[in-house]
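Take a look at this single chain in structure tokens; it is the form predicted on its own.
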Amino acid sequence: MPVDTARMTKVFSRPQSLTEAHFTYCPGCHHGLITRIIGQTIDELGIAERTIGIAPVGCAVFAYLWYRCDALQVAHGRASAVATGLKRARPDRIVFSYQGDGDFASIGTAESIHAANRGENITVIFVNNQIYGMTGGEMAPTTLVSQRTTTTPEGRDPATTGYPIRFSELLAQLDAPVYITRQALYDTRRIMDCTKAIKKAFQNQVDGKGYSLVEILSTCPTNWHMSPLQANEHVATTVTKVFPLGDLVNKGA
């Protein structure tokens, strides 16, 4: 049956802050959705002309191609340090870093902790998919106990490799951060909650409140060897038991 296009209503458009460049993410992962939500947030706040994004080494390595704003590609783990320098040099700019769990919670551990401890007025998007996605599926600091990776083919053993790090809980013990939250994207409600959290984290910076971190539990169907549907269910039923959702710090809410 032919589609009556005259009666169709357009309900969604590409955010103006996103370019026409194609994402290089694997099909079914949540990175594309996160990238889109950030673009939508930049549009809604009207801050594109003064926003600077920082691309990591990781799955979002080409983020500087996808946003219609200034952006930098930085060395692995150094995004929080570079964001600090940018914000201090140009306090009128809105600076955000986009970092995976290997980048933010492993290679960049020191930079991440000290930027938070100083209360730098930046926005950090921390994507936690419990694995090194881009480099071949190795164990990350957030890999679950018994989870199989290319470097733990029989599953992560706490006796030799420790336990998954709850990095948001670690940073929540510091005095300076104004907003730390953990969100997910496995269903419509969680997408809406995550969208609100990202907007709040950017708004905090616009208002000069200080350090904001949004951790997002993401899927990695390719390296988890799951379908996108299975990966969503895994996050909802298993990952959230180790990394509970919700706000850990929300000052002045």
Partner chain sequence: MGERYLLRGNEVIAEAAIRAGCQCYFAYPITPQGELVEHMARHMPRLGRTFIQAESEVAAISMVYGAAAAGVRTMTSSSSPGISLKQEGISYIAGSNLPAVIVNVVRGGPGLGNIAPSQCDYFQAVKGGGHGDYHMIVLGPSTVPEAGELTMLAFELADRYRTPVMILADGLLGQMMEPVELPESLELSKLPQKPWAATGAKGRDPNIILSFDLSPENLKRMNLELQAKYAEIRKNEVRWEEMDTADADIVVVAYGSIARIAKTVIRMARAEGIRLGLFRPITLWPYPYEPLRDLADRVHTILTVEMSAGQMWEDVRLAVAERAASPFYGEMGGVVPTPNGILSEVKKYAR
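Because the structure is predicted, anything quoted here is derived from the model rather than measured. Positions refer to the first chain, counted from 1.
Not pictured, yet referred to below: the form predicted together with its partner chain.
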| item | value |
| --- | --- |
| All of Tyr163, Asp175 and Leu248 within 4.5 Å of its partner chain in the predicted bound form, heavy atom check | no |
| Partner proximity in the predicted bound form: Lys196 to its partner chain, non-hydrogen atom cutoff 4.5 Å | no |
| Touches its partner chain in the predicted bound form: Tyr64 (any heavy atom, 4.5 Å) | yes |
| is_contact(Ala89, its partner chain) in the predicted bound form, heavy atom dist at most 4.5 Å | yes |
| Glu49 within 4.5 Å of its partner chain in the predicted bound form, heavy atoms | yes |
| Its partner chain: the contacting residue among Gly119, Gly155, Gly85, Gly136 in the predicted bound form [heavy atom, 4.5 Å] | Gly85 |
| Which of 166-174, 72-80, 98-106, 144-152 sits within 4.5 Å of its partner chain in the predicted bound form, heavy atom basis | 72-80 |
